[in-house]
Structures are given as structure tokens and as C-alpha cells.
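One chain comes next, on its own, written as C-alpha cells: the form predicted on its own.
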């Protein structure tokens, strides 16, 4: 990594064979062991994308660059993802150059780092991986954390293209709801959100004036994609989880949640690990449930005010 070294070279060399074997486990995931053994790599850049305040500052993976989901990966005025120009500046400031391997991790089971992976994919950045199990697994294993923020040299990466096919918009979801498009829609929220029993998880600020789900959407809560330690289930297990509700990759898939972050985790599982054709609807329920005249399925019969 393009920062001060934190792990002895002798330790790295003894683990080289193990690292190579671990790296081959997945094109899009790395294990905590692999990351710890490769922190000194000159072509590795690590980003922490957490949502809880103070988590990064308290201690982070050595050399990890802090990325704020609410300011760095979105347009802070319009409801949109970060612009191409600003994203390129973010990566260059973090020391990313062409050909680097990028590892993302975060708290809350990688919800927001999966969002980061989705944004990286939209801008066609290569060699992007998630730390399987995220920050929670790294901490649970007692691996090194440091409060020292890195000061990387500027990188030279160029963001030259945008893959808009990875992003679904309200008209796309509305077409699916009206059976005007041959797509599968996966609602990854809790069962209570899906049925309309609650408008949103307790304590959240982003709300919709209607509860329920997109007609025709199936409900697979995001947590069904992970094991108890937060790592993704095996490919075989994941395939079965979604096949149980009729999702097998034979048609395009749209994922959504409330604001798009939990659904990016499912987007990652379906797209990167299973290889399905998936777009993430980042407008999600806060846009759809606030839109006028759209069809809504509400199994609980709630109305605004929770009645």
C-alpha cells in the first residue's frame, strides 16, 4: 500500500503462498486473512465506508482511507450519486492509480461499502473487492486497528466511462410494477417493511408517506445472503436462497430497499457472486413510496400516520 508500512516484510513473505491461495477464492471478495497479509502491497488501496460516526477515527484497518457515504459518494445537494469529476478527485486524493487493487469494507455488515462497490462499478473502476465480513469480522478476530489516518501520495486514475445499466430509476420500476417490463424485482427490506406493517426501521429519518412494496416484488431480506459472522454464504447457498422465490437469473433483476444501501449489498451478491444481470434502484422506497399515482401493494393496510 502507498503509505507507511505497518507489517514487517518478513511476516509478509512467510504468508505469500497463503495470500495467493486466498486471493483466488473469489474475484470480488477478499478474506480478513488475505487483507492482513497484503497490507504492504504497493498496488493496494483500502477504503473504509462506514455509517456510524466516529468508527473510523476510533480505529481502522492500517492504511485505510476514510470515505463518508453521505458526502463523498453522493451529490450533497441533488439526490444523485457523486459526479464523475468529483469521484475521480476522491480516488486520486486517496492514492488510487491505474491497475491498483481496491478493497472496501465498513460497519453494519458492509451495507455502505457495498454501495461504494456499486458506485465504483458504475464508473467502471477495475479490481474492486469487498472485505468479506467487513469491519465486524476484522474486529472480532482481534486484528490490528490504528487511529492514524494515512497521507497517501496522489494517484493518477482516470474515470473515463459511466455504466448507467447498473442503476434503475423510477420509470424502470414503475414499468415492472405495471407488468410492462420482463424483469424481476427484489425487495430486500424486512418483512414488516415489505408488508407495510411499518414505514421504516425504528429511528430512521428517511420516510415515505405510503407503506408497502412494489407490486410483483419478492421479499428476500438482505440478511439471508450472509452467514452468522457477516460473510457471504457460498455461491451454491446464495443461488438457492433466491431460487426459493423464483429468482434464478433468467431475466434482469432490480433490487431496492429504503434508500439504496441495503439493496446494494444484495446487488453485490446477485451480480458479483452469482453473475446475474442486476441494477440497483437507489431511489428505493423513499422515492417510490412518495411518488404520486404509482401502484403500491400494502398487505397490512396501513395509511399515513401508521394507522
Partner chain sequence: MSNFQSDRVGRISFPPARQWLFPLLVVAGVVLFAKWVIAPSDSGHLEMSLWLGVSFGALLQRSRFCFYCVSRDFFERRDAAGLLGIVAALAVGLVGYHFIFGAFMPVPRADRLPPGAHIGPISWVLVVGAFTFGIGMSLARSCVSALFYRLGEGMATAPIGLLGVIVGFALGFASWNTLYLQAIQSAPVIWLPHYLGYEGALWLQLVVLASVALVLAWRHQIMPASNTTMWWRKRWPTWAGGLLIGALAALAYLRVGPFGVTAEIGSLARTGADTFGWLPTRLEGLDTFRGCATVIKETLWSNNGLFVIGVTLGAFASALSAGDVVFKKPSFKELTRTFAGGVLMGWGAMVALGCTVGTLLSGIMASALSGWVFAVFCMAGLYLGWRIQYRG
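Numbering follows the first chain given and starts at 1. Treat the numbers as computed from the prediction; the structure is a model and nothing was measured.
Although not depicted, the form predicted in complex with its partner chain is the subject of the following passage.
Undergrad: In the model of the complex, which of 55-63, 278-286, 265-273, 252-260 comes within 4.5 Å of its partner chain (heavy atoms)?
TA: Looking at the partner contacts, the answer comes out as 55-63.
Undergrad: Can you tell me whether residue 78 touches its partner chain? I mean in the model of the complex, with a 4.5 angstroms heavy atom cut-off.
TA: No.
Undergrad: Check whether residue 183 has any heavy atom within 4.5 Å of a heavy atom of its partner chain in the model of the complex, and answer yes or no.
TA: Residue 183: no contact with its partner chain in the model of the complex.
Undergrad: Although its partner chain is absent from this view, report whether residue 212 comes within 4.5 Å of it in the model of the complex, heavy atoms only.
TA: Result no; residue 212 lies far from its partner chain in the model of the complex.
Undergrad: Consider residue 158 of the chain shown here, and say whether it contacts its partner chain in the model of the complex, taking contact as heavy atoms within 4.5 Å.
TA: Heavy-atom contact with its partner chain at 4.5 Å: absent for residue 158.
Undergrad: Just one of 148, 170, 140, 154 has a heavy atom within 4.5 Å of its partner chain in the model of the complex. Which one?
TA: It is 148.
Undergrad: Could you check which residue among 132, 100, 121, 72 gets a heavy atom within 4.5 Å of its partner chain in the model of the complex?
TA: The option sitting close enough to the partner is 72.
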